[in-house]
Each structure stands twice: as structure tokens, then as C-alpha cells.
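Heads up, the chain below is alone and in the form predicted on its own; it's given as C-alpha cells.
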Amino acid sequence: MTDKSSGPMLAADGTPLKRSLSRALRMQKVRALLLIAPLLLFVVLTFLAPIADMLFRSVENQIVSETLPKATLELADWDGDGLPSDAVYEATFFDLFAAAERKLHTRLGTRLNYEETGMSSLFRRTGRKLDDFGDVYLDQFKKVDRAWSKAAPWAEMMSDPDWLAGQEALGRGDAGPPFVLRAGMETLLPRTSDAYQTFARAMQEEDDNPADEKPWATVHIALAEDLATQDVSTYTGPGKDRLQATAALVGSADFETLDYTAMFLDINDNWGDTDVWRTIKLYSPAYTSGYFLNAVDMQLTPDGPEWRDEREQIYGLLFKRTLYMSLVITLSCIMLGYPVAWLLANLPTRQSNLLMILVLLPFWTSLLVRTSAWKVMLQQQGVVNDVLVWLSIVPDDARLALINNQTGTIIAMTHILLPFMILPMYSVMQTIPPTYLRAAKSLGATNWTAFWRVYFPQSVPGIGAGSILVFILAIGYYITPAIVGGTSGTFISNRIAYHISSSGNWGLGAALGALLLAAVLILYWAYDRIVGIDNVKLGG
């Protein structure tokens, strides 16, 4: 290193000492980051990613706009009064036909049925009958040329020659490269081009070759609409004579056309109900607050959020019940677990180890088995009632109702969660020197004063840790309440599990889960403000 007066201090390799130290610290931080990277990745994938996905699903609503893209655009200009225009019915026909061919219309009906009862059956029934109306044009086209009912003539007219040549080299049923439309067809036959491209892409999604498949009825309908408005006299491509002859047919007075509004009303009268169209329009945006409103017993209406009828307000009750019962279970675990933890911390080692085995024994038994055992024990002809009758505590004709209610849930969950309360309290109590109590007594304190003024304050961090653990576990339980809780002892988590696994309403289940997560975080924040999370210890 050089003298301070002659320049900066240098390291052994000749670089400035400050730069060398910065590089060493940077490398140290990189090594530390690489060491924790696997754990960080694990936390992101198993904890943060599911929460983010849950929050996204609670507002995601793209199924309506993706399944009915044309209809939602047409509905944007509808004011909600009276029936929509025939253009809306026409767009809905094309969208629903494509969705029915891809088996997506039932999913849309199920989604909208969450908001308006009867939508599921409406979409399912409509999807089955659209084909009957779509063949009206094909039957007339075949009078001009039966080639309209075959796949090859359509493929020659609508497909790019190079794409079609590549398809002919493939085996039957092979999809090949993405479909390419013949140049100029979008200008000549815009509706037909759009309908045929939709058909071709759907076929390729199913790994079929569009050139080998007969087009959907929507393609024939789109062609009729194009021929009624477009001039095809200059067309010189494949099927020129057939196309121009068909254009003459469409322009004649004898050509039968579709009335889309009448067609939908003929399928089902509910298509004339403005509430159906309002529901579709209301839930056409890609994101919605409807799931969160439903989760707090409200609903999204054209006039804004509104409270549901009092008879339908169940989620607020379930949230209150969940928080109340979880608090009762936590307090029960404190009252039962504190004496056991004190014994574990103060008994001789041999006896303490035996008692610890008994505390840990429930962990070695299936949760389902333990819950089912309580269902047997708590029923009116069960062990608990038999013992109470034998001890003459309750008369035989007035046995206690301990199952399928809140009492059964509290008893069963207290038993299941008790070890989670005992172990944190024990770990803290084990660190409290017994000499403190002896010192307090030697200074004249009674047993109660010594315990309450000296021992108990030092055990509070263990109570806090156990309470947080038990409370958070309790509000998320759903197996035990489902088995022993009945209708009055179930938690909000039971409804979340129902929507995720049974009803298929993942959006509402995610919204309920997000609200439950928010409630836990708020309670955690309140606990930190009142008690201080730094005072929570697991021992040491």
C-alpha cells in the first residue's frame, strides 16, 4: 500500500482498497442470496403464488367476453330498456353456435347461473337447438349445388392455395399448420371469412383437418348474409359459378331468411326476459366485483351494488360464527392447556416425558378418525351422555344434544387443537427458573400472589404464541365442523370448500378465502398493536 499523501490506499492486488471492499461485500451478499434462493423459491411457489392466484380468481370474469365476444360488443350500446336489437340476437347466435360446437356454452351458463337462476338450463337447451335453425340456409343452397354440403369445395374457395396444398400432403385427421385464409376473401365475403376462420381454428384445436370437415351452419348463414349485400360478380376463384348462382338465389323473393329474435324466442321464452340480457351485459367485463359482493351478502345489479334479501344473507352470519367459535376454542385451549403445560415444565423428567407422550398421541392418529370418534361419543346414546346419566347428572329422558351443533364443534376442535396450545406454552414455561417462585415466597408472597405476580407474566408470551397458532388453525378448519357441526356449527371454510370442490364457483370461493385472509391479517395487526408481536415467543 502507498502512503496516504501519495494517493488512495491499495489492496494487495493493486486495486483501490475501497473498491476491493465493495466487491467483497457484494460477493458476500450474492452468496447469501444464493443460499436462501431455494427456500425463497419454495415460499413463492407454495405460498405467495397460490394467494396471488386466489386473489386473481376472485375478480376474474373473462368467460363471458371470451365465449360471447360479438354479443358483448353489441350489448355495449343497449340501454337496458326493452329487448335488445336483432343484431344482438344475431351476434349471440354466432357466438353460442361456436361455443356449443366447442362444448363451452354450458360453462358460460353455469357461470351466469350464479347470478341469475335458470341461466344454466337456458344455455344448455339453446345449445342443443341451434343446429335446427342453422340448416335453413344449407337446405336452400343444396338446391343450387349439393357441393355446399361438402368439405372440399369450401376448403378450395376459402383457404390459401399454399396452405391447402400443405394440408393435402397430410393424413386424414391431421391438423397441420395454422389455417390461412385465401387472399381477398375478407373483402369479398367478410362475414363468411370470419365464420369459416372460427370453424377452422376450432377444428385444429381438436386436432382435425378443416379441409376434411363440413363447415358449421354458421358459415352457411354468414354466406347468405354476405351474398345479400356483397357483389361477387368479379370473383374468379374456385367455385365461381356456384357462388354466383347462389347469390342469384339469395337475391330472389323466394329465399327464406332467419329472424334471429323470433328464433331465440321460439327456442325459449326466457330470451325475451330483459333480466337475462342485463345479466349478460353486467358480467361481460373481464373483471368484476360481483364475487366479493356476493361474499358479503350483496349483489351487483344494473343500478349498482344492493343488499340481498335477508333470507339469503348467510355469509355474514358464517363469518361472525367462525370468528366467535374460533375465539371460544382458543380460550378453551388456554384454560385446558395451561395446567398441562405447567405440569410438563415442573414435573420430574421421567413423569414429564410420559405426559408429553400423551399430549403428542393425537398427532399419531388420523384427524378423520379422531373426529369420527367424537361423533360417536357425543351423540345422545353415546358414551358421554351414558356417563352423565350413570352419574345422575342428567336424566335419561333429557339427554344433552352435543352433536350436530356448535357445542360438538367446540368440543371436537378443542381436543384436536389442544396440543398446538400446550407445546408453545410448555416451551416458554420451561425457561422460567423455579427459583423465582421460591424467592417470591421467601419475601412473604402467598402461592397465588407468587404465581399471579411472578410466574404468569413470564408465561404470557407462550400463551400469545399458542393463541395465534390455535386461532388461525381454527378459522381454517372445515373437516371437523362438517362432520360434527351440523347446520349451526359449520364455519365459513366449509362454504369455501363447497364452492371450490362441489359447486364449481371458484370465484366466490376465492373471494370468501380472500376475505378470510384479510380478517386474519387485521386481527394479527390488532394483536401486534395491543400486545406486541415481539412479546410472542416459542421458548429460549
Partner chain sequence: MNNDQGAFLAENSQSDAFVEFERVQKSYDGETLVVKDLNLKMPRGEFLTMLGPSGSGKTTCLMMLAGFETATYGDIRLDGRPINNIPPHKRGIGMVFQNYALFPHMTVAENLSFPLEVRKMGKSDREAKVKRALEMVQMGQFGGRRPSQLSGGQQQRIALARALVFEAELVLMDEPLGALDKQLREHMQFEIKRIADNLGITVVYVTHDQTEALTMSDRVAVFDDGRIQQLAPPDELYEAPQNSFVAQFIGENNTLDGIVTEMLSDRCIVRLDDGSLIDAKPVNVTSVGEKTRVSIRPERVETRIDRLGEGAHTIKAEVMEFIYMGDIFRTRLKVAGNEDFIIKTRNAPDQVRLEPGRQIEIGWLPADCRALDAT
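Bear in mind that the values here come from a model prediction, so they are computed numbers and not experimental data. Rigid core: the largest C-alpha set superposing within 1.5 Å between the two forms. Positions refer to the first chain, counted from 1.
Note that the form predicted together with the partner chain isn't included here; everything after this is about it.
Here the chain stands alone, but in the model of the complex its contact with the partner chain, taken as any heavy atom within 4.5 Å, falls in 431-439 among 431-439, 152-160, 317-325, 76-84. Comment: the partner chain is not present in this chain, but in the model of the complex one of A202, V454, V136, L400 has a heavy atom within 4.5 Å of it, namely V454.
Among A228, A248, L443, L368, the residue placing a heavy atom within 4.5 Å of the partner chain in the model of the complex is L443. By the criterion of a heavy atom within 4.5 Å, S120 is excluded from the residues contacting the partner chain in the model of the complex.
The partner chain is not drawn, but in the model of the complex it has no heavy atom within 4.5 Å of N268. Although the partner is absent here, Q458 sits close enough that one of its heavy atoms falls within 4.5 Å of the partner chain in the model of the complex. The partner chain is not drawn, but in the model of the complex it has a heavy atom within 4.5 Å of T449. With the core held fixed, the Cα of K240 is displaced between the shown form and the other one by less than 2 Å. With the core held fixed between the shown form and the other one, L443 has its Cα displaced by at least 2 Å.
For T431, a C-alpha deviation of 2 angstroms or more is recorded between the shown form and the other one after rigid-core alignment.
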